[in-house]
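Okay, here we've got a single chain as structure tokens, the form predicted on its own, with questions on binding and movement later.
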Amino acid sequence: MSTLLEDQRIVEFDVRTDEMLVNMGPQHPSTHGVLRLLLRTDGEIIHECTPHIGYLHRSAEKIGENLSPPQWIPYTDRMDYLAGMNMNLGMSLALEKLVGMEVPEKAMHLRVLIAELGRIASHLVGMGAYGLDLGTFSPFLYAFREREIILDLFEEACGARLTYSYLTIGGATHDLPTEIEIPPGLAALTGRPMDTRLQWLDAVEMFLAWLEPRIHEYHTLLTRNAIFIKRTAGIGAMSRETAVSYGCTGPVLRGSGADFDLRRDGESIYTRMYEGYDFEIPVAPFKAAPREAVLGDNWCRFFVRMMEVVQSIRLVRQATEKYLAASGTHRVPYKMSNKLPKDEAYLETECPRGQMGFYFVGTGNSEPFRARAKSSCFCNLAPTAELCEGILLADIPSIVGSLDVVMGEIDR
């Protein structure tokens, strides 16, 4: 009789769980750097997700008010450190707008070529790291193998592999190199001898010819992988209206169905750089989407980046032809002692993670009164709380990884 009563008590016991506060990060590998997510959970269900930022704050903007603009360029490298060339370009264009500088045609095409190679390298990291977030290692190895060749080419052009300071005020610090030794990674992939010498632009074309068919391999490894689809399709869906209300830009915005890209739709000198180029803007929804996918989900944001790699390959090839045919030099000199006019200028560029803006205020001194950077990743991270509400704990890395944020750009 006592045993029966004990069994009844066990059956009638209240098994509801208490809510817990769980810290994901800032050291967690699935939080893309020093990002801390404070999660309020009920078992495996997320009731609230609060991002905490600022762990990488370096006072870059205050430093910019105490340096001449050419001295501040290396600090922009450290913002989105996976797309340093694009950061350099945005800052240089904003300063050129302030002082009214005209850049030679040759320098403009050189900038497009370098910026789009930087976009490819950045998206390769995004693809590989996203695979790691979801538990697969092979795509990461493939992506970094290809990215290594781009870094070799950048090293030949400017001597650096991560923080370049190459695209500078007036153009670029140096013209593109002529004859180089074939990058080791490219030699290994193409079977060429290590002592092969070729033109830098020929090495770029050789790499693009090798990379282009490999996009299908990436789709096999990730895009069409059944497990990857289960982890991304239909999860983290963000409507077009939500993306616009949060100020999202770049692949996050286009993954939600908004057809907007500053390379085509802006009105600044940045948009004029791309005049005459033939390219498309990948925007969700996609015909290739699996049936489980919905507009604005993790899969759509990932696929936008994959398609942008294809378009950047097209742009690099066109920029190469235009660069070879262009007249003029690679740079208009700009002295550190030059006085800035008593005026202000703001300009945004379409960086790999969205629209990055730079703002300068001049007062007649060589140092700006105000130097400001507007982060694309900050806005893209903003809807995290809304996207993560009501999902499973295991889906947090999938959503945060699809936003592809770089904390150096957010914190500055």
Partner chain sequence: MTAEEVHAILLEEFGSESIVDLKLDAIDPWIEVRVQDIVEVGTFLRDDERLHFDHLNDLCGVDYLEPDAKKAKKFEHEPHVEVVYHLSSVDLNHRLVVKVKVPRWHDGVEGQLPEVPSVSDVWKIADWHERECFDLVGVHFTGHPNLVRILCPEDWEGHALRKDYEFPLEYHGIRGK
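In this text the structure is predicted, and so the values were computed from the model without any measurement. Positions refer to the first chain, counted from 1.
The form predicted in complex with the partner chain exists for this protein as well; it is not shown, and the discussion that follows is about that form.
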#### Entry: Candidate from I169, C248, I149, V304 lying within 4.5 Å of the partner chain in the model of the complex - any heavy atom
C248
### Message
Given the stretches 90-98, 195-203, 279-287, 153-161, which is the single one in contact with the partner chain in the model of the complex, using a heavy atom cutoff of 4.5 Å?
### Response
90-98
### Message
Taking any heavy atom pair closer than or equal to 4.5 Å as contact, tell me whether K342 reaches the partner chain in the model of the complex.
### Response
yes
### Query
According to a 4.5 angstroms non-hydrogen atom cut-off, is A382 in contact with the partner chain in the model of the complex?
yes
### Message
Residue-level question: is R40 within 4.5 Å of the partner chain in the model of the complex, judged on heavy atoms?
### Response
no
### Partner contact for I410 in the model of the complex: the partner chain, 4.5 angstroms, heavy atom
yes
### Task
Can you work out whether the partner chain is within 4.5 angstroms of a heavy atom in all three of F144, W210 and R224 in the model of the complex?
no
### Query
Who in 355-372 is close to the partner chain in the model of the complex, meaning a heavy atom within 4.5 Å?
Q355, Y359, V361, T363, F369, R370, R372
